[in-house]
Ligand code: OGA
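In the form predicted on its own, a lone chain appears below as C-alpha cells.
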C-alpha cells in the first residue's frame, strides 16, 4: 500500500477550502480503518518508558504543570513502520496544502498523546501570532468504541470568546485540523485511556507568522 496516496484530491480541496474559510475542519474518517487500527495497536504496545509527561511552553521555558495538563506524549519517528506511514501521509498533505494555499509550510512534527483516566488539558492556544512556527494543528483520534460516557472531548472555542464552536468526541478515525494561532481549545478529563496523534505543520521562520496568511 502506498500510504502517500491514501487521501484524495477532493479531501485536500476540502481541507484547504475549510482552512481558508472557517479556519478548521472535522473529518470523520480520515484514513482507512486498517491503517488507523494499526496505529492504535502500535501506540497501545509502546513501552511506558517511551512516554513522557507533557509540558507547557516551548524550548527553555517548557515545564511540567499538572494543573494545566496531565497527559503523556511520545514523539513519532520515521524508524517505526506504521509511524513512518502516518508521517508520509502528512508530508503529502503538507505539499498539497502548500500547493493550494501558498503557506510555505516547511515540515510536520507529531506525537502520540495518552490521556489516562482523569487526565485533561486546560484551555490553551497552540501558537501565538508572530511568536511560533506552528501554523496548522492536526489531531487524529485512535479510540474505538468511544462514546459520551467516556468523556475526553476536545472543546474548540470561538476566537477571543467563550463561545463553544465544537465539542468533539475522540472517536476512532476522526481528524480535526485547525489554524494553530486562532482557536483556543481544551481536552476534558477522560474516563478511560484515550489515544490520539497531535501534530503541527510549521514554517521555517517564525517571523513569517506576523502576517496572517489567510487575511
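This is a predicted model, so every value here is computed, not measured. Residue numbers count along the first chain shown, from 1.
This protein has a second form, the form predicted together with the ligand, left out of what is shown; the following refers to that one.
Considering the ligand in the predicted bound form, the lone stretch of 158 to 166, 22 to 30, 185 to 193, 36 to 44 in range is 185 to 193 [heavy atom distance within 4.5 Å].
A residue is said to contact a partner when one of its heavy atoms sits within 4.5 Å of a partner heavy atom; residue 200 meets this definition for the ligand in the predicted bound form. At a distance threshold of 4.5 angstroms between non-hydrogen atoms, residue 139 is in contact with the ligand in the predicted bound form. Not displayed here, the ligand is kept clear of residue 179 by more than 4.5 Å at the level of heavy atoms in the predicted bound form. At a distance threshold of 4.5 angstroms between non-hydrogen atoms, residue 174 is out of contact with the ligand in the predicted bound form.
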